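Taking the form predicted alone, here's one chain by itself in structure tokens.
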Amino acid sequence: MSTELETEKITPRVIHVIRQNSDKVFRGILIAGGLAAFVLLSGIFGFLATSAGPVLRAFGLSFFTGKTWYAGDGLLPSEGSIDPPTFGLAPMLWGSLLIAVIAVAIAIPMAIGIALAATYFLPKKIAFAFTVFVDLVAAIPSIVFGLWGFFVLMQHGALWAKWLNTHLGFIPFFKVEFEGFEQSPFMAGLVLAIMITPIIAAVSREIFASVPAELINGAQALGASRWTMIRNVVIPFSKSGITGGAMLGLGRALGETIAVFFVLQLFFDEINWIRILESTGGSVASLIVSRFGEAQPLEISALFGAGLALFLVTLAVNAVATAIVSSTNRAKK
């Protein structure tokens, strides 16, 4: 009998998955949504690349590396130009990155503090009201932030910038050649930081709330204080989520237009590398909104090229964010 059992061929059980109609519909909706997003982004990229074709063919790589933006008479030398234009996007590209980094550097500590307070420190009723208020701030239009920054924040921010220059002027970041502190990358970064803080806080709050209760209870059972538990359990577990929220805020900051336009003085002929308090700077989105109304056809093509560059930079930031989050998740496993 035992011999027969040993020699009997054991076949693996085949599990048949029977999908309900609702599952098929939901799967189809998800696939259609993903394909629609891909087609839409591809269409935007194609439109920008086609519209930017004339200026890219005329200036080549120097369009992205040049430092001067001058519309001239709107004609190329081959078209009989007397005052030929020059389009260089480097100051605006660097300015956009600099302002976005300033905004994220200011917003991340505030957002993490808000998320921790709402999740672990405030009573539930107060935390709910606090969370609703923060989410409402995220829904305020950017032009409101721009007007508030111009009429209210700029006055106080200039005093903060002057204090930084007076006491920390030996650091290149806080050094200025001319004492004009109002419309600077620092001011634009402050406004954007307030705009993106609710976004990063919302993502961080959801991640903090998803930390397994057994990890928190285990740390507290071992005698860890609340701050020790947060530092050694919550923050390490939530690194990927915080990074994803920060990159989401960075993407929002890179593409912001009106809020930056009100509080930044555009400077077209020189790259402001690190002097964040100086009243000169650049932003691709603000360049587009400031020049589009009076642009001639060739400059309109150049503005589409600026939009294409901003599209590619934002795409690269999102790709880096996805890679960081994926690598962090693999490290957890």
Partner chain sequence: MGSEELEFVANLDNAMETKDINVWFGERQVLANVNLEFQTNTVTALIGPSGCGKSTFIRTLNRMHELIPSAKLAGRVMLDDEDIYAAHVDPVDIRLKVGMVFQKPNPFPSMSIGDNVLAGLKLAKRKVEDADFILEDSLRKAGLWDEVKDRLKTSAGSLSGGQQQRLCIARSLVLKPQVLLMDEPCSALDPGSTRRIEETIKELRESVTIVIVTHNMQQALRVSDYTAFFLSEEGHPGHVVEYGLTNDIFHEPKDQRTDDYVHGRFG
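Not measured: the values here are computed from a predicted model. Residue numbers count along the first chain shown, from 1.
In what follows, reference is made to the form predicted together with its partner chain, a form of this protein that is not presented.
Note that among 215-223, 249-257, 137-145, 113-121, the stretch whose heavy atoms approach its partner chain to within 4.5 Å in the predicted complex is 215-223. Just one of S210, T228, T166, Q155 comes within 4.5 Å of its partner chain in the predicted complex, counting any heavy atom, and that one is T228.
Proximity to its partner chain in the predicted complex, defined as a heavy atom within 4.5 Å, singles out one entry of W94, F237, F130, F173, which is F237. Put simply, N232 is close to its partner chain in the predicted complex: some heavy atom of it is within 4.5 Å.
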